[in-house]
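The data below hold one chain only, encoded as structure tokens and taken in the form predicted on its own.
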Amino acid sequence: MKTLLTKMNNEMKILSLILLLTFALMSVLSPSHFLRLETFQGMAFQLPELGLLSLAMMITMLTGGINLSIIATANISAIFSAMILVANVNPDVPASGDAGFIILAILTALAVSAVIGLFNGVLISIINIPPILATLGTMKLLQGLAFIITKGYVISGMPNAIRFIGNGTIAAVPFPLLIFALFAAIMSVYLNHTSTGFNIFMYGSNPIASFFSGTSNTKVIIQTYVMSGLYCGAAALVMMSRFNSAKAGYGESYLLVTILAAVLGGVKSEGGFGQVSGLVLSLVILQIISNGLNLLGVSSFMTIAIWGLIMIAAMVIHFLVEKRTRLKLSRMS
């Protein structure tokens, strides 16, 4: 336990140092553009949707799995929600009955995403399809259904109450940032202070030991992917609100970044270790890098290459640190 706490503290110290260095570097390279209130406000509005999707990815990686269908889940959830709103709510003529349809649309997005999460969980835990293949298949299935439903078109025209979710502010604080903070806190409590969270970590560390301890591994996996789906549904609402529309292909570039955020934040690819605070710090670092590169005029293709390089570097560093730790422990014993 003491070793685990030490490792977590070291991860946070390293991430905090990287954050400070990244901020200082971007401040030096582009002081006139980066050090502006508008830049930080833009980051505050952009981070939440990516953050919610990263949390959805993180919880599956803690079990040693992965969820490649998070973007497709968010998009099709947003599409079903948008269809309800467009069919029943006129954004230009508010009516007293609109609140019911708005609540229905929100619940629909969450329900659709939860069902997709349940579907992934069943494929992985009961049919024993590897997570990467199960969620890849789900991703392609959902992408196809989304294009069939929308015929490739954008569903637009959201009411003000929905647009506020992704674009509003409360006391000058972006409302989507408050949503992300709430969901991050819920995820932290869920993982660290509930029996299900403990079982997720235990399964990720050693699924055989988890099984022989009396834990239902099937139940753990299904609960994990349902939770992942629900966070995709929350991200769907934020994305739909911010873009004032829903579409089959939104946010496709986010998939790599969510995995990168989890790995950079200290989540082990084989499962069993990770913390929400580390993920949040990594998201801020990546958001600073992304905005900084954009302000410097770096092409989007170069940015993607840099993401890949950062991911490889993070995994190599984690490997070297783990190797060094094992050597120390072997010498002590």
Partner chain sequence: MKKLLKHHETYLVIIIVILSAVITSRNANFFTAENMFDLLKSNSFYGIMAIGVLFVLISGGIDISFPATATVAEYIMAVVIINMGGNIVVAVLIAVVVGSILGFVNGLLVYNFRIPSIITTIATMNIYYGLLTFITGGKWIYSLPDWFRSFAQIRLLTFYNADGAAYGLSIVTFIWLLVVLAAVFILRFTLLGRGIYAAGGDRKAAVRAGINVFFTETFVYTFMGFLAGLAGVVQALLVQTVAPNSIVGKELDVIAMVVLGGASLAGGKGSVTGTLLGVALLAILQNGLTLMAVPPVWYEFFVGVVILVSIGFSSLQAKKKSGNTSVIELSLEEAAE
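Positions refer to the first chain, counted from 1. As the structure is a computational prediction, the values presented were derived from the model and not from experiment.
Although not depicted, the form predicted in complex with the partner chain is the subject of the following passage.
*in the predicted complex, which of the stretches 43 to 51, 261 to 269, 278 to 286, 27 to 35 has residues with heavy atoms within 4.5 Å of the partner chain?*
Heavy atoms within 4.5 Å of the partner chain in the predicted complex occur in 261 to 269.
*Out of F101, F147, F80, F243, which one falls within 4.5 Å of the partner chain in the predicted complex, going by heavy atoms?*
Selected option: F147.
*If you check I222, L136, A161, V86 against the partner chain in the predicted complex, which one has a heavy atom within 4.5 Å?*
Filtering the options by heavy-atom distance leaves L136.
*Would L255 sit within 4.5 Å of the partner chain in the predicted complex, counting heavy atoms only?*
The answer is yes: L255 has a heavy atom within 4.5 Å of the partner chain.
*Exercise: I312 in contact with the partner chain in the predicted complex, heavy atom 4.5 Å*: I312 belongs to the contact set for the partner chain.
_Contact of L19 with the partner chain in the predicted complex (heavy atom, 4.5 Å)_ = Flag for L19 set to no.
*Taking heavy atoms only, is L123 within 4.5 angstroms of the partner chain in the predicted complex?*
Although the partner chain is absent here, L123 would touch it in the predicted complex, with heavy atoms inside 4.5 Å.
*Since the partner is left out here, which residues of 280 to 317 would have a heavy atom within 4.5 Å of the partner chain in the predicted complex?*
The stretch 280 to 317, when checked against the partner chain in the predicted complex, contributes V298, S299, F301, M302, I304, A305, G308, L309, M311, I312, M315, V316 at the 4.5 Å heavy-atom cut-off.
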